[in-house]
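Before any questions on binding or motion, here is one chain by itself as structure tokens, the form predicted on its own.
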């Protein structure tokens, strides 16, 4: 008789958990997956996918304006928020169903309910009772953090609720300066909503290259987003005409919706990890080694709950590496260095590798190649939008250690650039690549003049 009911119990059916469960089940292991909400996790249900659909919807207003410069007449164009939500929800339901079928086809079992560890080998699922497992994988992801101590916070929403607003607001205040706040600010602005982005720091997108941060702020302002820096909420008050946000310094702003995107936290509440000896760090994330193993020998964790790099493709690769290691006898660890990412702002950002500041700290002397220019498409239409492209090169080895793009299709370009940066291509090798003309991307391989940031001169 088997010692345990299951070989693997996966808590959380998001991208990382589903990938791990599928591969484990395909190896012949008996696998049970528990999900308390809908299968698909943050990315499919309340993150990347619905947000990207909203980005697409919001981009049309700018595209219509550009089209006029090419001779098109756009009459009576209007946006129906309710119709968009219906279609968005249909697509999310379809994708969630695909995830379910993939699990079932692989041979994994699925139950719905909140899971809680009773001990290191026993998991109790609300409404289903306990089950034992030889190995357990925590893949519960993260959730928005809200400043609960803020007076009037009950009138605010998080990014989760932004996907289900019954009506498109006329005015919105978004608190935060990270990629989620920036993306939603651009989305609502593109849909015709009067948008204020309020951030307590001196600039948005902390952790990104400084030139990128400044450029995105300027371009967002050019498109109509009102970016307010170095301030934050002191209170939210409900009035007869809407919500009043009161900020430090005595300023205030009235809106219909106040959305907070001021950070996310690992979702570990109620999991009972302490009963199994699973160690958490100071931010509540599961502490794991390079193979995603926790302090409990038979418990692993992948994805946002570990707070390493909180990106869906990273969670998938971590889940895959877990299955390879544990069920296929192929010890595999995912390399978290040089992971490309994108911000689907308007204009969008693509970035991989080190920022200029981080490269200077690591290598000392670096060469910077930077260009700002008007893309052909919008310049022809008489618009003043500008792209930015930047390469950061280690001066000693001439390796390209950072690539940063702001402009149309930057997310698509950075995926290809990431291959070169990941394998350590040098600037001469990069330059030897022939350009595709006429494209935006050709600017990346025709950057020849070194850029000297103000104040650094030739000593850089």
Ligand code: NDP
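Numbering follows the first chain given and starts at 1. Bear in mind the structure is a predicted one, so any value in this text is a computation, not a measurement.
Here the subject shifts to the form predicted together with the named molecule, a form of this protein not shown in this document.
Taking the partner from the other structure, the named molecule in the model of the complex has no heavy atom within 4.5 Å of any heavy atom of residue 348. Residue contact check for residue 371: none of its heavy atoms lie within 4.5 Å of the named molecule in the model of the complex. Contact annotation: residue 311 falls within 4.5 Å of the named molecule in the model of the complex, judged by heavy atom distances.
For the chain shown alone, residue 99 is not a contact residue for the named molecule in the model of the complex, no non-hydrogen atom being within 4.5 angstroms. Screening 380-388, 175-183, 67-75, 295-303 for residues having heavy atoms within 4.5 Å of the named molecule in the model of the complex returns a single hit, 175-183. For a residue to qualify, one of its non-hydrogen atoms must sit within 4.5 Å of the named molecule in the model of the complex; all three of 200, 264 and 342 qualify.
Proximity to the named molecule in the model of the complex, taken as a non-hydrogen atom within 4.5 angstroms, holds for one residue of 361, 164, 206, 330, which is 206. Of the residues 160, 232, 132, 275, just one reaches the named molecule in the model of the complex with a heavy atom at 4.5 Å or closer; this is 232. Contacts between 33-65 and the named molecule, taken as any heavy atom within 4.5 Å in the model of the complex, involve only 51.
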